[in-house]
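Presented below, as structure tokens, is a lone chain in the form predicted on its own.
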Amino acid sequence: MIESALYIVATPIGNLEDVSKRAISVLEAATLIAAEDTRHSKIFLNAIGVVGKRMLSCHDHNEEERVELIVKEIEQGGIVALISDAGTPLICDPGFKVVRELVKRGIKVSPIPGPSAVITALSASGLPTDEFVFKGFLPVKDKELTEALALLKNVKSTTVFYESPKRILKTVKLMGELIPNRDLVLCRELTKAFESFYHLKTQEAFDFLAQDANYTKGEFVVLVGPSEEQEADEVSPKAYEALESLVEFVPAKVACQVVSKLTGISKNALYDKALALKNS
């Protein structure tokens, strides 16, 4: 029996056959389905045979307003399913504010696992999977995008982020300039008919994509391989500021590990500065 709670239900990212039996069971039992886009989700629900359900829109612009309605439904014994347009809710999709508030109130939140574009792309990329960083969508503005990509120079793990077809050419061109000779995997239209994995070097990506307009159609998951360069010893002002904030609350060694992971700066380069800050 499915008990009263909020269920975070993962839905297919393309191929409808990827929906799990458990996901269907929860959606069938739901007394209310909170969806990122109700029109889009009704098409999906009809396709899997879940019809006639009460639905509620829950997206970035109204999420806080929906909390009380969802809480009331559950307190009255209802079953609420939260779904996004595709994949696992909250992963670059709405739902965080709802889940955070329900957790604070002690209301049960149960995940129904399933498709996720991040993990799907990573599993078939051929890049290291023992450690990875997920960046969501990178900044839109040129300056912030350049800064974000430049930070990947010394990252020692695989980095994953999403990109739109409208921005992919600009992004890979910048990558070729800022972080050349890095392993790059561009995943397009995952689980759909035209699913593609492009294995390239960063400096090759722009010319490759630009040769055929079909290569840039569909949403992208971008994976950048780990840096093999020597660790940078220069401690930037931002890294120093982060170190200064952390050493107030954690041991110097832990602070160095955190800042090193975020910036790619070697722990050795950070340690002396952390000790000096700790002593002061």
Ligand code: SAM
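If you're wondering where the values come from, they're calculated on a predicted model, not measured in any experiment. Numbering starts at 1 and follows the sequence shown.
Note that the form predicted in complex with S-adenosylmethionine isn't included here; everything after this is about it.
Exactly one residue in 147, 204, 75, 189 has a non-hydrogen atom within 4.5 Å of S-adenosylmethionine in the model of the complex; which is it? The option sitting close enough to the partner is 189.
Heavy atom within 4.5 Å of S-adenosylmethionine in the model of the complex - the one residue of 92, 210, 133, 124 that qualifies: The residue from 92, 210, 133, 124 that makes the contact is 92.
Give a yes/no on whether residue 163 approaches S-adenosylmethionine to within 4.5 Å in the model of the complex, heavy atoms considered. Residue 163: yes, in contact with S-adenosylmethionine in the model of the complex.
Is it the case that residue 63, even though its partner is missing from this view, gets within 4.5 Å of S-adenosylmethionine in the model of the complex, heavy atoms only? Flag for residue 63 set to no.
Residue 176 near S-adenosylmethionine in the model of the complex, any heavy atom under 4.5 Å? Residue 176: no contact with S-adenosylmethionine in the model of the complex.
Might residue 86 be said to contact S-adenosylmethionine in the model of the complex, defining contact as any heavy atom within 4.5 Å? Answer yes; at least one heavy atom of residue 86 falls within 4.5 Å of S-adenosylmethionine in the model of the complex.
Go through 99-107, 155-163, 75-83, 139-147 and give me the stretch that gets within 4.5 Å of S-adenosylmethionine in the model of the complex, heavy atoms only. Contact criterion met by 155-163 only.
Going by S-adenosylmethionine in the model of the complex, which residues of 101-119 come within 4.5 Å of it through any heavy atom? Going through 101-119 in order - heavy atoms within 4.5 Å of S-adenosylmethionine in the model of the complex - the hits are 115, 116, 117, 118.
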